[in-house]
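This document contains two forms of one protein chain, each encoded as structure tokens and listed individually as structure 1 and structure 2.
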Structure 1
């Protein structure tokens, strides 16, 4: 086998043809499934996009390397399903750029962490994990609550995501900074705008427990609380192979 390869390397044209053949096989294996993706990805007509605050929290999640210890993809294995809930569906990640499925689990999978704990629990946990989980090896993120969230560039974030297929409207993009503030400050006119643009089920809370300003803690908790809740397709038992509309 090695002798054949050594002889092939000495002949330019056959070697180039072998490379093209190998690349063609790999390309076909990766590209061919895309032609049937509408028959293999579940339908989720009620799925909503991330709000600007949740998106900012997702960016912080990536910045702090949370994906290195937490996966966001529940496997179909019985142990995974019994511990974390319904296995993850492809459609649930359709607006994730980049995806955060992961494979390392120093900490638990977070695909369905949304709504499992209160906002206060998340704030305490992020500030010092050992206050709620004594055996935790997770680092403390004490600066999140005292760091004001940067919102000036959120319009650009939403606009960039629209370029890759996330259906943000012009109204959502134009009001991104105001919506980030409004979602963390219930009872204000800006909060009403968030509900109008993202739906009645959108969480509007003083996530870090301190209304009046918007911190990185607000954003990260808002993101954690929406994980697994952008659509209810999993809980409603999607039909296998349902087509995208």
Structure 2
């Protein structure tokens, strides 16, 4: 063995190939089957995609680096489940490009934060967390409420997501900016379009408390309120989580 190595280390290219070979096996064995074994991701036929407003909110969550302190992955441990809700299923982040499972809980897990607090609570909390949680060490995101959301390019965002496999329809893509506005402005004709395209249960609210505009606060709160609620496959009991062939 050492004799062989004694000869190998005299030749650059074979040595390079040996490194590539040794370092490729593990990744290949662990990653490739995740795409081919169908039990890896449960089926959830009723799962919906993010609305344009929620997607924009998700992009703000990404932009601000929220993943550094908040996980979105409830583990299969008793205390995790009792604290945050049903353990996370793979299917629940099926449309997450990228996933935001996180690795650190300086703040609590957010996988099922949707619907747990009111919109108004989120707005106050994001504006200055210490107004509602005095001990919080979260930064104050004061600019979200006064920053208009950029909606003009949302069509391109949905299109890019369709290219990586999220089933947005042509209708959804064409109406993306209008839907973003509509979801934050209940009672307007544009709001009806959101319901039509994304379903009855979609939250249509003036999330930031002020209708008539769409701010980054609207988007981020809309996103936080949908977390854990894209599909009810987890809350329907463990049986619903079983993989279907």
Partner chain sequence: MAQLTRTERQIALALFVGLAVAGLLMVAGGRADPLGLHGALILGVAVFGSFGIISKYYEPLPGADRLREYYDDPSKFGVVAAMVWVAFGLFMGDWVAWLLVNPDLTFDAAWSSFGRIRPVHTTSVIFGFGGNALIATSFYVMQRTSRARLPDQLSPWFVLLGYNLFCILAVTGYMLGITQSREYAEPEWYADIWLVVVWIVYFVTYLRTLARRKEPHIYVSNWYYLAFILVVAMLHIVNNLAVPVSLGHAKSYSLFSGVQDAMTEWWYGHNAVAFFLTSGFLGMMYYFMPKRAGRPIFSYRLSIISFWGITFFYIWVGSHHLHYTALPQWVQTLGMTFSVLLLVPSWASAGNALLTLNGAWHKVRDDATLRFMMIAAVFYGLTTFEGSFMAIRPVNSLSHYTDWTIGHVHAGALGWVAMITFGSIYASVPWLWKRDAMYSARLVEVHFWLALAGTIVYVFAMWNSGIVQGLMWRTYNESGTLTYSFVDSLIAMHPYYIARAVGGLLFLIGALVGCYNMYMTIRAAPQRKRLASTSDMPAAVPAIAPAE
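Positions refer to the first chain, counted from 1. Just so it is clear, the structure is predicted and the values come from calculations on it, not from any experiment.
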Legend entry - Identity of the form predicted alone among structures 1 and 2: 1
Inset, instruction - State the hinge position among 30, 155, 102, 188 for the rotation of one rigid part relative to another between structures 1 and 2. - result: 30
Legend entry - Smaller rigid segment rotation relative to the larger between structures 1 and 2 [°]: 46
